[in-house]
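Only one chain is shown below, in structure tokens, and it's the form predicted alone.
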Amino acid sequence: MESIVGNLFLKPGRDKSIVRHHPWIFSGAIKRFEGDLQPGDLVAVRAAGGEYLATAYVNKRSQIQARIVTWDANDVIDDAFWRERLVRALAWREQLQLSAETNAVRLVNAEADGLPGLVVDKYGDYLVMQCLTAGIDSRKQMLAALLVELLQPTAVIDRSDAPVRKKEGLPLTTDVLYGVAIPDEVVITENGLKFAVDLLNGHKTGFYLDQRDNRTVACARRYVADGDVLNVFAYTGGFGVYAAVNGARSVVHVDSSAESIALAQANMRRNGYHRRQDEYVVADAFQLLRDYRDSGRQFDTIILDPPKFAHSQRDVNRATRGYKDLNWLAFRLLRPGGILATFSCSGLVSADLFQKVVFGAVIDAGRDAQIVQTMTQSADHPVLLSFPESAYLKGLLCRVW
């Protein structure tokens, strides 16, 4: 059993978000700590008057100095507690019945599953963990052992190499916590298609599982058939493969990483598409789109799936300028009646703000557009109602004229 080793007292009037079950406590809300606290230690969170509000693990090195694990004073924080949280998360994925669609699923979505700082993705028989906070990092061996007990994977990989760990004062690490040596590529299936995934070195945990539903929506036959498709920030080619399968006349994959483009090409071939008209371009997306604009090149469908632009609040203005520039260029490159699928995975950029940015881009481009559909993360990436930050992925499917 883990012991609560100290107390965290909030400043007067700063307990409202905690009462409303928001799981983060920022440094500015804290009046004082009691106890000799190390990163990851458990504390009782108390209002200014001393009444118990929640139990959290702490890290004074981070701007988010406490993350709540329970609001119930009767909860005993031990292996059984963490096991129950994992079982609850796994039960939801079982209820989704995704096995007919894919063998790659998000099993734990951090705060949204009551496990702040922990991400677990399943790729076939392999599990990939991300331990993003000091509290989870200090418990990762125990959590890995519980996952082995519950799921009997071939291996559990620790991909704790996300830059956000630096804000926790943690090093970036990659390790195998359980199992045999990991192959260079693991091939997963998604809606009958095959994709090679690099579990040790790929983006995030290896593949963008959160875009599963959106690949089907944005690359539906009614949007891409007989058209020229531009897949920007292609990574391993997911959207492009779906476009080819659904009848795209040509697909241009663009990414700044030569390794990603090589894997995108291999994934196209893996699914039976080795066509002369398809292109695989290693380039800076912003510059390439400008080059296409200057040369008068046009497309019927453009997919913009950029990496996270806003890593902190101070990045938001710069991020919105980047999103506007990208979308402005895309609107300039689309033929009348063309389709733009545009995304932001920056949790600090709200869906409302993102839509306003895209609106500004279409006006500046001198075009008009309809929103055909809004898009978000797939259902195995649930959103906690009391934690809007967990709704990080937003997308717009626009028809342009």
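Heads up: residue numbers just count along the shown sequence, starting at 1. Predicted model only: the values in this text are computed from it and were never measured.
A second form of this protein, the form predicted together with a small molecule, is not displayed here; the remarks below concern that form.
Checklist entry - Among the candidate residues T216, S256, N271, S138, which is the single one with a non-hydrogen atom no more than 4.5 Å from the small molecule in the model of the complex? => result Looking at T216, S256, N271, S138 one by one, just S256 meets the 4.5 Å heavy-atom criterion.
Next on the checklist: If the cut-off is 4.5 angstroms on heavy atoms, which of these, W71, F81, F233, Y178, is the one near the small molecule in the model of the complex?
Outcome noted: Only one option qualifies, and that one is F233.
Item to check | Candidate stretches 147 to 155, 302 to 310, 101 to 109, 82 to 90 - the one whose heavy atoms come within 4.5 Å of the small molecule in the model of the complex | outcome: Going through the listed ranges, the match is 302 to 310.
Item to check | Contact test in the model of the complex: Y208 vs the small molecule, heavy atoms, 4.5 Å | outcome: Yes.
Next on the checklist: Is K166 part of the interface with the small molecule in the model of the complex - any heavy atom within 4.5 Å?
Outcome noted: No, K166 is distant from the partner.
Checklist entry - Do D284 and the small molecule share at least one heavy atom pair within 4.5 Å in the model of the complex? => result Yes - in the model of the complex, heavy atoms of D284 and the small molecule come within 4.5 Å of each other.
Item to check | Non-hydrogen atom contact S260 with the small molecule in the model of the complex at 4.5 angstroms | outcome: S260 belongs to the contact set for the small molecule.
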